[in-house]
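Next up: a single chain in structure tokens, the form predicted alone.
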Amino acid sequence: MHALAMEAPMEQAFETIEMFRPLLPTAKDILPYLERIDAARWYSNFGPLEVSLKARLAEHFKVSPDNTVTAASATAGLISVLRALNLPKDSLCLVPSWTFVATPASAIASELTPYFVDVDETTWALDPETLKKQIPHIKGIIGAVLVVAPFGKTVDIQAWDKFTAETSIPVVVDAASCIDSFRNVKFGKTAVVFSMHATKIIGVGEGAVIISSDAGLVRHVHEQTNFGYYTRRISIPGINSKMSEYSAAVGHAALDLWPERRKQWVATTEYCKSVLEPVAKKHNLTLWFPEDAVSTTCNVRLPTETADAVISQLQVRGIKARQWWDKGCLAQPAYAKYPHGDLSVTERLGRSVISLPFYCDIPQHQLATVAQTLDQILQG
């Protein structure tokens, strides 16, 4: 690849292309549900809207409501699951370094010590067979594994159920961006946490849903979101991470809109692919989109480790590209002190993956501009 130009022409004016613009239901969409809250005067603590939203989400995932728990955020959901597992304090929680910082933050908040491990070069996720081989070389008690489903792609739940059966180490899946891609996945005992943040496919502002076929675990997670209460007796101290009726109201409105909103996401994704695929073929790029699903990010892996330079040149031209996961968690000062194994794949990904502007109603001409500009930069 030719050397990257250091500056864009100063005399040229560029249209600003935003990285992401959330789009939640409007006040009009939400109003009927707010009126139901007013009538019931039930605002939190598993009210009728939260209960019915849980049932609708269970239907979305083709599971029973008894296998479903909601939470105030995905981070709170991860913490609630880890605490529900009643793991030894300060035991190791194996976490991929190639993830968003909420993943290790959840382990720390659950009184566990994150131990960073590397991901597979192709899937960008932890591999259960590879991890099993690494376990004998990790010093310390391993309490759990936090698996991340990267950027809307699925992971094999049955393989992780098998991992737990063979190692006795519980697994939790951080599937923050996967609420659409997991709709046809066969769930197992391994708990899966989905984000309903404003930046996700079905958003409520802040919220989450947790799925597991383990009814006992689901009950304990429910307890954890409610201070430890299920009946009137507390077995393990919990936290307050319940979803409020107001978040549930937004969730209902989002699900009402979902069939049409998903069509919009599909159309935007297909157009984005159509303009980026020729650039990818020309410059040997890897485009990262989930299969048969939609997600809220467009990530591209460059064939060389020039992510910072390319992002800088895109930004100079008004394109607000960035890296959603930066250089991996261990590059963050807050996490640099924690133990880890070899992280060479994470380091390569951090130097070669860029995140491009992408959201459901981004104008097509802006996506075309992003593709054309990326092509020009890579040509040098």
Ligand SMILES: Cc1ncc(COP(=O)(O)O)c(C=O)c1O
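Bear in mind that the values here come from a model prediction, so they are computed numbers and not experimental data. Numbers follow the displayed sequence, beginning with 1.
Keep in mind that the form predicted together with this ligand is missing from the display, and what follows is about it.
- Thr103 is the sole member of Ser97, Thr103, Ser212, Ser80 with a non-hydrogen atom lying within 4.5 angstroms of this ligand in the model of the complex.
- Shown without its partner, this chain lists Ala107, Ala176, Met243, Val172 as candidates; in the model of the complex, only Ala176 has a non-hydrogen atom within 4.5 angstroms of this ligand.
- In the model of the complex, this ligand sits within 4.5 Å of a heavy atom of Ser195.
- In the model of the complex, this ligand sits beyond 4.5 Å of every heavy atom of His222.
- Contact between Val148 and this ligand in the model of the complex is found at the 4.5 Å heavy atom cutoff.
- Shown alone here, Ile157 lies farther than 4.5 Å from this ligand in the model of the complex, counting heavy atoms only.
- The partner is not drawn, yet in the model of the complex one stretch among 46-54, 308-316, 66-74, 341-349 has residues with heavy atoms inside 4.5 Å of this ligand: 66-74.
- Contacts of stretch 200-217 with this ligand in the model of the complex, defined by any heavy atom lying within 4.5 Å, are made by Lys200, Glu206, Gly207, listed in sequence order.
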